[in-house]
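Presented as structure tokens, the chain that follows is alone, the form predicted on its own.
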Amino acid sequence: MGFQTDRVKFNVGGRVMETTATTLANAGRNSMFGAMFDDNWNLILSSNKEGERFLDRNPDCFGILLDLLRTGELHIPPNIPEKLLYREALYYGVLDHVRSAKWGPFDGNRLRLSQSLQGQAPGDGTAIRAGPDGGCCVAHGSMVHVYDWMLDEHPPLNLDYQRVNDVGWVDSDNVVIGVSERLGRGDGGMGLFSSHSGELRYKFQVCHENQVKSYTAGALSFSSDYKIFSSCKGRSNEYGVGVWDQVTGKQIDFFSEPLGWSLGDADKLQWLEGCNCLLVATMFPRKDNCYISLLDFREKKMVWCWSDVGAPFAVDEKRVRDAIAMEDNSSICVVNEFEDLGFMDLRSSAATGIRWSSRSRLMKGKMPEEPCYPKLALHGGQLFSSMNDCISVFCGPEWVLTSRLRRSYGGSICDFSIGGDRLFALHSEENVFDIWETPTPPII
């Protein structure tokens, strides 16, 4: 590899700049600069008689991006609009480098509030979902508002007054939305939409007894082999969990709801890659009781299940409000409205009771006027639990409380999501969502 000492001249918008092939190679093979090298990383000469490569682009932004490739640090002068720089970075194929320099790898114990955004619609939001590239989408009634990683809003997705139950990212260009069926209209279900234009690309249909049925799509989950799972509730016998191919949009499986159990009303689905099973959880108050199960679609059976049907409720335990599977620990974590964490062992074929962890209790003082039910998330070996206006972070084998994220504006947190090395928290009262980021580590 002979590029270390090669010097390269660029004429960018009339301004001549000089750098080395080593700096350009830092941009990576998939960038415009990477295309200047052959397969052995030898520089391919292509210049004018002065030895310059001409680029009809903004020279100020080029210099900033060149410095980023040299040092790994991003410094944007106050006279340069950030969005102009991002546009130029997109042109050169180095936008990932800019994002990496803006905030560091995700760490729940080092998160700092970056900014808060006021939503476009009044009232309560339904859900917030982090995108893979640092953007997010917010479900609000029959609307889904989509934001890119620069937090510019794309055209909103209007579901024609159908209530949105869940939304999920297939990739940075596409989102899946599950909505409620409207009686007498024969609609509802799921659709795949462009996150940029809002265009409906195709609908996911449920077939029962060789007939296409209208249904309500609830909770969503995705697997790495391009399957989409959704809880389904129809007017015939279409109660259960459907499976679709996200590439073709075709239904490929359906797990019907067993008698005396609850799948079609599920609040949460979570695909477990290690055991090829789907966690399905239906919680109070959607149902009078809580039902948590693991479904094996290959053998069409429920391999693990737990319910609180018939169980006495102590004053300090109340009802399970959310659940999440923790494959590394072979357990399921649940939380009640006091933010007590509880754990159940997945290695036992017959589910036993919940082992509550009293040390995790964080509730102090009065409950807010409009409390929100707690939510759980697991990311990078850290456990997150929202409660009222804050999010708690738990770490280690005993899940010890290590930090809390809180801000006072917007009321209780009704949902939060982690992705693209950001945490997004949606508040209930003012339709505000917060963006939390990990600061970049200092370069020594």
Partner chain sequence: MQKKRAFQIEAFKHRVVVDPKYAEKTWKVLEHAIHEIYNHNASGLSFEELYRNAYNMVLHKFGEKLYTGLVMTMTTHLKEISQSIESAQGEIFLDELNRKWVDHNKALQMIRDILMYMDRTFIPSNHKTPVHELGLNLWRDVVIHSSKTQARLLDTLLELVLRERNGEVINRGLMRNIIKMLMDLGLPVYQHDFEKHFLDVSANFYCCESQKFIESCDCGDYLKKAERRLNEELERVSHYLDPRSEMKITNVVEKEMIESHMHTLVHMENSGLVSMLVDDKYEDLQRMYNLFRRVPAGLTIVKEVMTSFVRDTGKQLIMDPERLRDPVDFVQRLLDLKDKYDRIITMSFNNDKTFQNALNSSFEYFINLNARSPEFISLFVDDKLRRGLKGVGEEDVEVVLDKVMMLFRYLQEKDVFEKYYKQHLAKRLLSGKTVSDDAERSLIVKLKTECGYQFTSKLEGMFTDMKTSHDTMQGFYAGQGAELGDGPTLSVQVLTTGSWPTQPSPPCNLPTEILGVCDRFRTYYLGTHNGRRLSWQTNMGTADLKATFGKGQKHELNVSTYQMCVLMLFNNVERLTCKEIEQATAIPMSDLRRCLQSLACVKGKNVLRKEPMSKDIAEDDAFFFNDKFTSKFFKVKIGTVVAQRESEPENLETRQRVEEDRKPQIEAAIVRIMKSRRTLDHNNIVAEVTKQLQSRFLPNPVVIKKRIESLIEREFLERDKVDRKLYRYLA
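Numbering follows the first chain given and starts at 1. Source: prediction; values computed, not measured.
The same protein also has a form predicted together with the partner chain, omitted here; what follows describes it.
J.: Verify the contact flag for Cys395: yes if a non-hydrogen atom of it lies within 4.5 Å of a non-hydrogen atom of the partner chain in the predicted complex, no if not.
T.: No.
J.: Can you work out whether Met36 and the partner chain are in contact in the predicted complex, taking contact to mean some heavy atom pair no more than 4.5 Å apart?
T.: Heavy-atom contact with the partner chain at 4.5 Å: present for Met36.
J.: Does Val400 reach the partner chain in the predicted complex, with heavy atoms at most 4.5 Å apart?
T.: Heavy-atom contact with the partner chain at 4.5 Å: absent for Val400.
J.: Tyr92 versus the partner chain, in the predicted complex: is there a non-hydrogen atom within 4.5 Å?
T.: Taking the distances in the predicted complex, the answer for Tyr92 is yes, it comes within 4.5 Å of the partner chain.
J.: Only one of these stretches, 385-393, 372-380, 65-73, 26-34, has heavy atoms within 4.5 Å of the partner chain in the predicted complex; which one is it?
T.: Heavy atoms within 4.5 Å of the partner chain in the predicted complex occur in 26-34.
J.: Taking the partner chain in the predicted complex as the reference, which of Glu199, Asp187, Glu327, Glu153 has a non-hydrogen atom within 4.5 Å?
T.: Comparing distances to the partner chain in the predicted complex, the residue within 4.5 Å is Glu199.
J.: Exactly one of Cys414, Ile418, Cys61, Leu55 has a non-hydrogen atom within 4.5 Å of the partner chain in the predicted complex; which residue is it?
T.: Of Cys414, Ile418, Cys61, Leu55, the residue with a heavy atom within 4.5 Å of the partner chain in the predicted complex is Leu55.
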